[in-house]
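The form predicted alone is given below as one chain in structure tokens.
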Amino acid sequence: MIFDIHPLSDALGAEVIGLDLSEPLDDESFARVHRAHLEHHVLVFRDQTLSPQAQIGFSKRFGPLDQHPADDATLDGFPEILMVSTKRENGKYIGLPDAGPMWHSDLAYKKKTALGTMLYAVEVPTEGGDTGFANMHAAYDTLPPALKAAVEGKRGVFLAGRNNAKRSFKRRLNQEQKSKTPPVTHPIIRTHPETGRKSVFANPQHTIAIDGMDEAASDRILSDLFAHCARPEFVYRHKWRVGDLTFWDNRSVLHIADQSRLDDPGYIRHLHRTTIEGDAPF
């Protein structure tokens, strides 16, 4: 298959032009997409027309699929697809309306964290709802020496944001879902299992402390780390169009969703998410 790959910013991200993902990729094309994903960390495929089966099939080329603990927010008949949606039925949200209000890596609170996430835009607003992506390899490479020394070799305590009483969400986990997502620890600095590069893995939505450290010191260090990771030079901001499929590497990228219009009753943002299972960070 003939297609082009164009970088989207100096920080990270590339647009893949000329691929129709509704049809299976041949092995050579898939290998090229895989290499581009590792190089650019975020891929954008525009103007796609994807059935749920096609999105699931493409996602599974990269590994088995994981599921969000909010199993009551999935697409009917397709438990692999989480609905990120502001739509309501009978007064209740059909999906997660406020997914990603803080910088985070998907499923970082599980023992096996996510390899990557694919998000497909079914319906998007004319303004608002952008997604920011931040390069955590670049964040690690530019850590101030004192901050790097403070976090190198340390483990963070991770808890699902919707499982944390200190976090505010419009749709929370029920007790059964909470019981499936207890706190776990992961390295604050992880090594990418495919490229060997180091990156910052802690994030403000899911990392609540540095394991074994005094609370005040932990809060101070994490605050400095999170501020560093959100520096503008590390960030690409994606403005959604219907038919966009984005695919990002949760091992090297943090992301955040613009929530500024979430309380506007006329604001509709409806996307289908698949998440590829990864491994335990090291």
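What you are looking at is a predicted structure, and each value in this text was computed from that prediction instead of being measured. All residue numbers are counted from 1 along the displayed sequence.
Beyond the structure shown, there is the form predicted in complex with N-oxalylglycine (OGA), which is absent from this document and is the topic of what follows.
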| item | value |
| --- | --- |
| Partner-proximal stretch of 37 to 45, 219 to 227, 52 to 60, 251 to 259 relative to N-oxalylglycine (OGA) in the predicted complex, 4.5 angstroms, heavy atom | 251 to 259 |
| In the predicted complex, residue 177 touching N-oxalylglycine (OGA) (heavy atom, 4.5 Å) | no |
| N-oxalylglycine (OGA) contact at residue 131 in the predicted complex, heavy atom, 4.5 Å | yes |
| Contact flag, residue 187 vs N-oxalylglycine (OGA) in the predicted complex, heavy atom cut 4.5 Å | no |
| N-oxalylglycine (OGA) contact in the predicted complex: residue 125, any heavy atom under 4.5 Å | no |
| One residue of 160, 114, 151, 119 in contact with N-oxalylglycine (OGA), assessed in the predicted complex (non-hydrogen atom, 4.5 angstroms) | 119 |
| Partner-contacting position among 108, 99, 81, 210 - heavy atom within 4.5 Å of N-oxalylglycine (OGA) in the predicted complex | 99 |
| Contact set, 263 to 282 vs N-oxalylglycine (OGA) in the predicted complex - heavy atom within 4.5 angstroms | 269, 273 |
